[in-house]
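Before any questions on binding or motion, here is one chain by itself as structure tokens, the form predicted on its own.
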Amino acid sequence: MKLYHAPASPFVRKVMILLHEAGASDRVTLVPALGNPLDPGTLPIDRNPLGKIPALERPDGPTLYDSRVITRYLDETLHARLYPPAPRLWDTLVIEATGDGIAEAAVLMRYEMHVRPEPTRSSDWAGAQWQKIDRALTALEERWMSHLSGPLDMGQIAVACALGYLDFRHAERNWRETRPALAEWLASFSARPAMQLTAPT
């Protein structure tokens, strides 16, 4: 299998953590892919028409894209068991969607303030993305800490990748200041070898 990959992407990091947790990082070949909405660069647009990563080229079918599709495929293929059975599954999926939503808004902020030409940038639009993130962080802090502290699953991994991306690209926002439980959880979760091996650069 080939994984189109950029180490700074929180969505790629989700896939890489699953592979490390499953002891299967040697099952994929990493293919560097860099670009953005204004310049696709080396993004695999011939395999993912949306021009996004990660994309997983597999031997038994078309290339998969969207991190949640890829992680479900790898979880089943590798028997990683990071998607628990119902009823816990539904909470896992909601938490994964929350983590992915945080990451998506944070990436859009990055594009707005660093990729768009300066005269067309909108700090109001970037601020609106942060409001989404802020609401999601509050929901995690107030509603989901017991799940985050439970058995390892893809919801936890998605949230950890999203928070790691906030630290990497938006450290000045200081999200920890009003989310002490979430900050403490991330500090503990970040000690996992898979987290250490996939820290964004």
Ligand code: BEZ
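Note that this is a predicted model, so its numbers are computed, not measured. For every residue, the number given is its place in the sequence shown, counted from 1.
Only in words, not in the display: the form predicted together with this ligand, which the text now covers.
- Of the heavy atoms in Y111, some are within 4.5 Å of this ligand in the model of the complex.
- Although the partner is absent here, A8 lies within 4.5 Å of this ligand in the model of the complex, judged by heavy atoms.
- Within 4.5 Å of any heavy atom of this ligand in the model of the complex lies no heavy atom of L82.
- In the model of the complex, none of the heavy atoms of A105 sits within 4.5 Å of a heavy atom of this ligand.
- Checking R47, R176, R169, R68 against this ligand in the model of the complex, a heavy atom within 4.5 Å turns up for just one residue: R169.
- Heavy atoms within 4.5 Å of this ligand in the model of the complex are found in exactly one of 22-30, 136-144, 161-169, 58-66, that being 161-169.
- Using a 4.5 Å cut-off on any heavy atom, none of the residues of 12-28 reaches this ligand in the model of the complex.
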